[in-house]
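Okay, so here's just one chain, in structure tokens, the form predicted alone.
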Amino acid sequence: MAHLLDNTIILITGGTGAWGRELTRQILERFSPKEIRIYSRGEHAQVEMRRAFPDPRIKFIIGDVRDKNILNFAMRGADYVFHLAALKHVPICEDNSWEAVLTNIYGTQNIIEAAIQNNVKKVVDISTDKAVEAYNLYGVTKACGEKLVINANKNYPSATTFMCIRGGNVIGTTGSVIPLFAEQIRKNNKITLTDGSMTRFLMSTREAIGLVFQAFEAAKGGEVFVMKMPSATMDMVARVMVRLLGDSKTAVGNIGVRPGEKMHEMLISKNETVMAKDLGNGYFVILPHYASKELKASYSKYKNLTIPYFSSQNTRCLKEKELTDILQKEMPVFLGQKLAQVT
């Protein structure tokens, strides 16, 4: 049976990152695209990905989302755009505020305008839990990016539809906590923990990308799809990592909460629940306040949310064995060969 992504040209911004690589891998596994264009700034990352994906359908374009001219070139003839490019590390964005604005806000607006100019069918913006009740600059810029993308449906009537997918932490993304812990154990046999009681949404990259395809197919335009992610405490993550990679001498040092960090993350705020529906298939969906009668009608069969908000505190908490199993399956590259010996 044909799929929307079959025989199409797909552009992935920030495509050399963990999300982009897994998205590319699953598109090649599950569908028959005509071409996948990987758009990113880093030459070295593109060289590495080219070696890992020796498929002639993958084309690499060096460019920045801040550069609208190159974006226009990259989008020529493209059917779909998955927008993953961002400055995403909380302390880095706090220290480089304007750079975060230029990439995460200006860059997103450039995506919107280039997509409309090139008659792209659908733009998928990958957002974050940090955008909800934003506390740090990264979250503020991603919240603004979400608004730009969703409002593009009404502000720029065109053949292009726009949607957002909001998720929490995906295991193994570059610079995230699990690869960091693995590196610290290997080098110093010590983990630096900010606060053990801190909770974070957590999901494997493969599972998260599988949900992206669900939302991509279902979207009519204007929705924010919210992944139903489980969570874990940082204390539990540290314990599992020590058990998998450490030994009796592995130390855990508390360094305190970093600038811009929250104790708990949120994927749906109390102000958004009035427009949210439970799709029952791994997703909630938040409809825009300007939603048309047709858009509301298409989701009318789904139940309204019965929770006041959706956070890493009131979602399902992973059990230690679940987290261990996920790491053993999903992260051999980050966690090394020793992991295969753990039972």
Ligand SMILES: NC(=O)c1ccc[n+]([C@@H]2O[C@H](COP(=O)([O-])OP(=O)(O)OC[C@H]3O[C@@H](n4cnc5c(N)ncnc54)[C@H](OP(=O)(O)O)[C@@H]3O)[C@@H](O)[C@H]2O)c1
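What you see is a predicted model, and the numbers here were worked out from it, not measured in a lab. Residue numbers here begin at 1 and follow the sequence given.
Heads up, the form predicted in complex with the named molecule isn't pictured, but that's what we're talking about next.
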Candidate spot V123, G221 and G280, all three in 4.5 Å heavy atom range of the named molecule in the model of the complex? no
Here the chain appears without its partner; judged in the model of the complex, the stretch of 189 to 197, 242 to 250, 161 to 169, 255 to 263 with heavy atoms within 4.5 Å of the named molecule is 161 to 169
Considering non-hydrogen atoms and a 4.5 Å limit, which listed residue (N110, S231, S127, N153) is close to the named molecule in the model of the complex? S127
Looking at R50, R41, R57, K68 here, can you tell me which has any non-hydrogen atom within 4.5 angstroms of the named molecule in the model of the complex? R41
Just checking whether L84 would be counted as a contact of the named molecule in the model of the complex - the rule being heavy atoms within 4.5 angstroms. yes
State yes or no: in the model of the complex, is some non-hydrogen atom of Y138 no more than 4.5 angstroms from a non-hydrogen atom of the named molecule? yes
Is E35 a contact residue for the named molecule in the model of the complex, using a 4.5 Å heavy atom cut-off? no
Check whether P288 has any heavy atom within 4.5 Å of a heavy atom of the named molecule in the model of the complex, and answer yes or no. no
